[in-house]
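Just so you know, structure 1 and structure 2 below are the same protein chain in two forms, each on its own as structure tokens.
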Structure 1
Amino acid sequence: MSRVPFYLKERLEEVHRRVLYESYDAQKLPVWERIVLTWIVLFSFWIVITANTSLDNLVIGSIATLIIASFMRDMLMEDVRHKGHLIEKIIYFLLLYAPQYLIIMAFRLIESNIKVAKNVIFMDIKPGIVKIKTDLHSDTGITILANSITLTPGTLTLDVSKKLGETYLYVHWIYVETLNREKAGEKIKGDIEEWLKKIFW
């Protein structure tokens, strides 16, 4: 009886802090930042696909992609976290986050290929479906996390469910080592989720 009010007070404070934090982070970016970021992505894709750097092509491409970006500004940049300056965001993404993610995923992919080859040769499998919890809430972040889990060694994402503001992933694991949710989450997700939490909310 004496411990219940303390517990409730602590829990309420935690929920209150989390709501404040997430309502700040879940704000959308300003309109011109959304347009500029979408325009950069579309224009680099235009240059790579057309493979032509004459002046006419660049002018036509910039105008066309600017028109498309002003209409489609909500599709790509909806879930990006609301903090930092625009230039700072672009430089951080191009120099720090993208190479880090690509290098991590390349090594995990090579490791998973070697592990599947080992499984094929020795047939030492003990499959099972486990349920883990993630801290991400946005659609883009959950999609990238599920795809990364599919490409890391020994795991394959089956389904996603959102209940009461928390997100759970069902993962088919080819060699079940533990059934504890926290330990399984640490083993399956690794450091990819820490990286994704810096950009998506």
Structure 2
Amino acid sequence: MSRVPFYLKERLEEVHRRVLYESYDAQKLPVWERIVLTWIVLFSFWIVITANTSLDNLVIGSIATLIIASFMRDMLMEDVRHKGHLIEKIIYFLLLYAPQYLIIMAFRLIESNIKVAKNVIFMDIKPGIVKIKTDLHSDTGITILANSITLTPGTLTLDVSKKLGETYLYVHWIYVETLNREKAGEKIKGDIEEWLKKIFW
């Protein structure tokens, strides 16, 4: 058998990887924005874990977390979508995105608990593993999506597969309602993916 198809497939995968990398690189936040956002997250965490709002503690915490943020900026903020001004992004996240995510997850948890309870009571269980596609490319975004799916009762994310720039999740579903990939994806992901796409690329 000719090796040409294999060669073409490898070249195609390489081109996809390059396009994906370039589009990802173009969406990266500037370095100073990554440092500021990381510092805000770490400093907030410092205040919560120390539970001390004295001036000395705040000054020490702000300096220590700023130093750490300058080194850790890529670990936490590398795949945050570059869109809008930094201040606008912080305000949107604190006042709109974070509460929106909590409300979405609260409804998803309540809905899933009721469905699972109904399935258990009536012994109406049809388990299976479905493969759903996600439009997210960011590792952080995919991780949050996979964990959000796992948090809702009745679904468990088993694996993630990336191929030719497309990402798929393998999800164990307690009651497989449909084998259609798109419909299953809509039912399992709900609004969570749309929310994540506002922040992660």
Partner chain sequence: MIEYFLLAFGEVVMIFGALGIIRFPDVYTRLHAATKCDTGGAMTILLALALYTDASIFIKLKLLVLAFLIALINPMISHAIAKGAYKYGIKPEVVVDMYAWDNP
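The term rigid core refers to the maximal set of C-alpha atoms that superpose within 1.5 Å between the two forms. Numbers follow structure 1, counted from its first residue as 1. Predicted model, so just to flag it, every value in this text is computed and none were measured.
When you get a sec, tell me if the form predicted in complex with its partner chain is 1 or 2. Structure 1 is the matching one, since it is the form predicted in complex with its partner chain.
After a rigid core superposition, would you say the CA of L179 moves by 2 angstroms or more between structure 1 and structure 2, or not? Shift at L179: below 2 Å after core fit.
Using the rigid core as the frame, report the C-alpha movement of E13 between structure 1 and structure 2, one decimal, in Å. For E13, the alpha-carbon shift amounts to 18.1 Å.
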